[in-house]
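Next up is one chain by itself, shown in C-alpha cells, the form predicted on its own.
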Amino acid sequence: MAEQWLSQRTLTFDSSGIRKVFDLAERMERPINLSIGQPDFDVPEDAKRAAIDAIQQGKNGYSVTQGIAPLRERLQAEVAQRYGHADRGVLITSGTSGGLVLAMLALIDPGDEVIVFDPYFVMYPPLVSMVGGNVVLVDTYPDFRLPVDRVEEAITPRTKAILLNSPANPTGVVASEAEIRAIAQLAAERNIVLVSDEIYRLYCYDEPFFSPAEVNQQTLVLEGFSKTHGMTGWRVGVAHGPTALIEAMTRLQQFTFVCAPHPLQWGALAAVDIDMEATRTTYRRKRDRVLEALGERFEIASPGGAFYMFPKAPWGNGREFVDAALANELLIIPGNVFSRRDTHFRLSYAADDETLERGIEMLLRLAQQGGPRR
C-alpha cells in the first residue's frame, strides 16, 4: 500500500509506548512484568457460565445498540438509586474505551478545547485530537492533586469539556471529595461538560469513592466491567449521563461499534451480583506491600486507588531508568507515555506475589546502582 493513501490523522499517532513494552516482553525468557494495566485474576465463574449459556442458547447475533434490556434496566435502576437524577440514561458500550470514543465524537467539534490533567491515561490526548479538538493540559505535579485554580485559569471560550479520572491511571491517586466537588461545581458554573472516567471506582483503599455526578447532574460517567471483574477482553462498558447525550452516543454507536459483544453482555449481567470485595482487599494488600518496600528509596505520591504507582525515577530521567529496568527484564512503563514530563515511571501491582517480590528486589537494586555516567 502506498504511504500516500494514509490520512494525515494516522500520521500524528505513534504506537502506544505501553504496546512497545508488551512487544519487548515476548522476547524475554522470564520477564518481571509490572507493566500491564489489567487484573491478574480470571473472570468469575458465574459470569463465565452466563456468557457460555448465552452462546449455547444462540444469543450470538447483534444485540440492540443500547445494550440488552435486562442489563441496561438493572444498571439504570442502580444509577437511579445511587444518584436520584430525573434525567440520566444508560448505554452499554464496547468497553470503557469505546465509551470514551463515543463521548469525544458526540461532544467535540474541531477547535473545541478539552482540559486534561497531566499525567493522563494514554488514550486521552489522541482521542481529543482524532476528533479535531485541542488538548489543554493542566499540570498536577508533584503530588497529582486536582489544582482547581489552574483549571479555572485554563478555561477559555473554546473550552468544551474537562476529562477527569479518579482513581487515576497512571498515578493511582484518588481525588478528595473536596477536590471533586470543586471541579464539578466549576464545570456546572461555566457550562462545561465534565466527563468522569470511573473505570477504577472499585479500587479505593483509604476513603470511599466519590463521583462528581453526585454534585453535578450533567456529568457524563464512564465505567465498566473490565477492571472490576477481570473482563478486559470482553469489551463491556457503561456510560450514563444526561439523556440527550446518551441518545447521541447511542446513535454514534450504531455507525461505529454497533453494539457491545452480545453474549458477553449476559455475562456482565451475572457479574453485577458478584461480590468483588475480596479482590479490592487483595489489591490493597499488594499496594501496601509495594509502598512499604519502595517508599524509602523512591518518591511516590500516595496511591489511594487503582492498581498503579507512579514513582519518580531515583536517577536520570524516566526513560533512562526504564531502559535500565528493561535491560534486566523488568517491565515498567516510562512516564513520558502518560505525560509531557519524563521524570517518573508507572508500575502495576496487578501481579502475583512472586512477581511483585522479584520486581521490588530489582527496583531496589537499580535504585542503589545509580544512573549511567554522563
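Predicted model only: the values in this text are computed from it and were never measured. The first residue of the shown sequence is 1; numbering continues from there.
FYI, the form predicted in complex with a small molecule isn't displayed, but the following is about it.
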Within 4.5 angstroms, counting heavy atoms, which one of the listed stretches 198 to 206, 276 to 284, 106 to 114, 289 to 297 is next to the small molecule in the model of the complex? 198 to 206
Can you tell me if residue 235 lies within 4.5 angstroms of the small molecule in the model of the complex, counting non-hydrogen atoms only? yes
At the 4.5 Å heavy atom threshold, is residue 169 in contact with the small molecule in the model of the complex? yes
Residue contact check: residue 250 to the small molecule in the model of the complex, 4.5 Å heavy atom: no
Any of the heavy atoms of residue 96 lying within 4.5 Å of the small molecule in the model of the complex? yes
Are all three residues 100, 121 and 165 in contact with the small molecule in the model of the complex, where contact means a non-hydrogen atom within 4.5 Å? yes
The unique member of 159, 216, 265, 226 whose heavy atoms fall within 4.5 Å of the small molecule in the model of the complex: 226
